[in-house]
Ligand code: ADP
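Let's start with one chain on its own, the form predicted on its own, as structure tokens.
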């Protein structure tokens, strides 16, 4: 459906998108995931023809977006981060105007507008001025204009930014529904957004494609080893020594020693192995009761941080914490000085 080849966008010496290659197949919901400034919106703008690439090409259903813009754009519906609506128009007036721009035949416009409004559930708002609508409804109006000609591909750039939790859930459900009949490309830096609705993920960092796969496969690929967090009562050295004898254990780290005779441990487990039952019986037979056991696998958040190089080292975390504590102390001192000054001023006034 969409082929992107060697796509590059430069602004002077700054490379916003760097030699991007990817393919979007029909009938899936794709997620463009990356931190702010990664090049997601720039890529979206080049796919839709709003921006010309410095190098490379975008082919939509066999049509080059630059060489055959009209044919290529017929197959695309686009909702930018800020919906392109006219606030002084009513919803119906605006959608009629957009239908004319899109070249929808006059005999088909009424039905196309009604279908789009019904799909995004704004039919009862058709006579309302757009400026009087909530952020969520303005977003729906923007989505309706993207759907007017029922394009094969729908591209959504940060579709839930600024919405409240209820509106976010509604827009997510709407996107899932669209995915049944259309190819949807969703750009976001919000992990929960991507994992909730997307079948396939493209991860972009600093203008480069650093990963592309399903959420499930990405988690498997980066799992490496799972972890168990356990709290056990017993002598620390004996507990550690016993756990290491259990098949599938890669390593054991004591994270906390407690006064009640228990110790908290982190156990690294080999990929695709579940040692919980064997571990339970081993410790129970040695009369070392387990007070707590939690299984932790690699999360999408951890994968995202790994791929985009945003992990904080322990040293960096400690420095950050010290800086925060220092700022808190400074604030407390400033407050004390201010209070003392206020007291002295009151005394002088008396």
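As the structure is a prediction and not an experimental result, all values here were calculated from the model. Numbering follows the first chain given and starts at 1.
Although it is not shown, the form predicted together with the ligand is what the next lines describe.
Enquirer: Is residue 29 near the ligand? Define near as a heavy atom within 4.5 Å, in the predicted complex.
Expert: No - in the predicted complex, heavy atoms of residue 29 and the ligand never come within 4.5 Å of each other.
Enquirer: Can residue 20 be called a contact residue for the ligand in the predicted complex at 4.5 Å between heavy atoms?
Expert: Residue-level check for residue 20: no, no contact with the ligand.
Enquirer: Using a 4.5 Å heavy atom cut-off, state whether residue 37 contacts the ligand in the predicted complex.
Expert: Answer yes; at least one heavy atom of residue 37 falls within 4.5 Å of the ligand in the predicted complex.
Enquirer: Just checking whether residue 48 would be counted as a contact of the ligand in the predicted complex - the rule being heavy atoms within 4.5 angstroms.
Expert: Residue-level check for residue 48: no, no contact with the ligand.
Enquirer: Give a yes or no on whether each residue among 231, 276 and 280 has a heavy atom within 4.5 Å of the ligand in the predicted complex.
Expert: Checking in the predicted complex: none of 231, 276 and 280 is within 4.5 Å of the ligand.
Enquirer: Using a 4.5 Å heavy atom cutoff, which residues in 1 to 15 contact the ligand in the predicted complex? It's fine if the answer is none.
Expert: The stretch touches the partner through 11, 14.
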